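In the block that follows, a single chain appears as structure tokens, in the form predicted on its own.
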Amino acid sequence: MTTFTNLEEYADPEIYDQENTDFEPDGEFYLAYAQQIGGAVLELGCGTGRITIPMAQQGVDITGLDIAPQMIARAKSKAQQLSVQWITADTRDFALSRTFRLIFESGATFQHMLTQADQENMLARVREHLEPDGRFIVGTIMPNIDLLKDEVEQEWFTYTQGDKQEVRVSGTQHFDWLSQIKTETAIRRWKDLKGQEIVKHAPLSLRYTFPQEMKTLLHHNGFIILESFGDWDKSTLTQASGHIIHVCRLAH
């Protein structure tokens, strides 16, 4: 298995938290399923606990797993005395010696699997850790021509951090149609205490899986799709949907 190096965007967990704060709408979606299904929950790609911590606060027995140790350290600090098990591990290669009623991936974790081998390794780990009557939820971004076109640097957003320090975020993107991988490079600019501009580049590659391809992957890796949605509000999956969300169980 290749070493996973697609982590530059997660190098600074404080910046990550500044730019990723909302629990809703995906968090509410996962929470509803956790409460409906009951039992232990495993979140793959938990990051700094954006979804994990609010779910634990609602009494969910949840374990958060992420490959980036600095993200897990930040999550532990934020969780304080909450009862959450935090695990630093690769979603393609982990063994927890227990099973879960619900496993879900968040933060486009499945899209970080850049090869078919990576995808199938992750699905194999899910299969090993999911209870026979449990549920697996996987969500990806719906590919469309506008989303996947190449773009020169565009302004994305601006925010204020710390002592009113303005951070400008822009980026470029390139899509490789053969590999189905889009590489977005976030470019962050701010000024230090001396007024000197600091510029940091953080590339992030995500693989886009088309609807029929995803159904085939799940089928041949031991899953049955029970429900499909086009967004976190449970809207119908259509070609105009923003997401492809599947709720699955193990094939028996």
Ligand SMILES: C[S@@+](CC[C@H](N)C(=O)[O-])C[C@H]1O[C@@H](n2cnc3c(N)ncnc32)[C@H](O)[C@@H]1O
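No experiment lies behind these values; they were computed from the predicted model shown. The first residue of the shown sequence is 1; numbering continues from there.
The form predicted in complex with the named molecule exists for this protein as well; it is not shown, and the discussion that follows is about that form.
**Student:** The named molecule isn't shown here, but in the predicted complex which of Ile67, Ile53, Ala186, Ala34 has a heavy atom within 4.5 Å of it?
**Tutor:** Exactly one residue meets the criterion: Ile67.
**Student:** Looking at Arg125, Arg135, Arg74, His112, which is the one with a non-hydrogen atom within 4.5 Å of the named molecule in the predicted complex?
**Tutor:** It is His112.
**Student:** So, Tyr10 and the named molecule: in the predicted complex, are they within 4.5 Å at any heavy atom pair?
**Tutor:** Output for Tyr10 is yes: heavy atoms within 4.5 Å of the named molecule.
**Student:** Tell me, yes or no, whether Ala89 is in contact with the named molecule in the predicted complex, where a contact means a heavy atom of each within 4.5 Å.
**Tutor:** Contact check for Ala89: yes, within 4.5 Å of the named molecule in the predicted complex.
**Student:** Report whether the minimum heavy atom distance between Gly107 and the named molecule in the predicted complex is within 4.5 Å.
**Tutor:** Residue-level check for Gly107: yes, a contact with the named molecule.
**Student:** Can you tell me whether Tyr16 touches the named molecule? I mean in the predicted complex, with a 4.5 angstroms heavy atom cut-off.
**Tutor:** Yes, Tyr16 is a contact residue.
**Student:** In the predicted complex, which of the stretches 136-144, 165-173, 150-158, 89-97 has residues with heavy atoms within 4.5 Å of the named molecule?
**Tutor:** The contacting stretch is 89-97.
**Student:** Which of the residues spanning 174-209 lie within 4.5 Å of the named molecule in the predicted complex, based on heavy atoms?
**Tutor:** If the 4.5 Å heavy-atom criterion is applied to the named molecule in the predicted complex, 174-209 yields nothing.
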